[in-house]
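Below sits a lone chain in structure tokens, taken as the form predicted on its own.
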Amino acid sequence: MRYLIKFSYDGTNYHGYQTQKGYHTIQQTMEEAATKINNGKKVIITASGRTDRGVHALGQLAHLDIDVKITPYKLKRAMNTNLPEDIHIISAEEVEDNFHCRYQAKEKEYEYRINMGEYNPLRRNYVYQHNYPLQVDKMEQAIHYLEGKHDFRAFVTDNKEKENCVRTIKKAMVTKDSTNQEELVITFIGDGFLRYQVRNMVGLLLKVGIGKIEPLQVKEILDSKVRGKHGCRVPACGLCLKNVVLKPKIEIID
């Protein structure tokens, strides 16, 4: 049977989501747990997308096939029993055999957090410790140039020259955390994101925040489609995949 699972993880101690030979990854760890449940038969877990080393997730989605008869509730419990404490299955449900998590993903929400205040060692793995004030009003102006359908070639690596870099960002905003005004929250909601795109966009917004460039230059750099000297990738620790929205409603099998 095929199951859709929703899960969260702390990416600090992993070399990203995707399985890589010789590295400790989220996918490898989850597949080992699922394989134990499947009586030792190898289980492949397909997520809605991969996250890089050090990036976290609160609402990642994936599908997997299990041959043994098990209810979604028991699958969730069994997976959590076999997983380390930094990975957690939130929910599981049965879906049609032709369901594919990556192709069904309609929208993703990423959040990046920046600490403008005093260094906080307890938040070092989850917030970028910038530790200096930022011109938030200018960052708010600049981020709106990134909304809409654009070719985001200027925010990916040079080897993406021949790849389709057109994506749509439905919503982009800069806000302060409701409980900590020194923690800045940058949110992007879109139909998909290229590798390093979010971290590179935040890096450019930071340049606006410290006064190195003006907000309008963000539009100029976006329109240039050139990954040039203005690029600045922020650390992975502040990035989190908050939510994934699927296209049609998932049909639950009775």
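Quick note: we count residues from 1 along the sequence shown, nothing fancier. Bear in mind that the values here come from a model prediction, so they are computed numbers and not experimental data.
Same protein, other form: the form predicted together with a further copy of the same chain, not shown, and the subject of what follows.
Asks: Given that the partner is absent here, state which listed stretch (147 to 155, 122 to 130, 164 to 172, 92 to 100) has heavy atoms within 4.5 Å of a further copy of the same chain in the model of the complex.
Replies: One stretch meets the cut-off, namely 122 to 130.
Asks: Among the candidate residues 216, 58, 44, 68, which is the single one with a non-hydrogen atom no more than 4.5 Å from a further copy of the same chain in the model of the complex?
Replies: Residue within 4.5 Å of the partner: 58.
Asks: Indicate whether residue 9 is a 4.5 Å heavy atom neighbour of a further copy of the same chain in the model of the complex.
Replies: Contact check for residue 9: yes, within 4.5 Å of a further copy of the same chain in the model of the complex.
Asks: Mark residue 74 yes when one of its heavy atoms lies within 4.5 Å of a heavy atom of a further copy of the same chain in the model of the complex, and no otherwise.
Replies: Residue 74: no contact with a further copy of the same chain in the model of the complex.
Asks: Using a 4.5 Å heavy atom cut-off, state whether residue 182 contacts a further copy of the same chain in the model of the complex.
Replies: Contact with a further copy of the same chain, no.
Asks: So in the model of the complex, does any heavy atom of residue 88 sit within 4.5 Å of a further copy of the same chain?
Replies: Within the cut-off, so yes.
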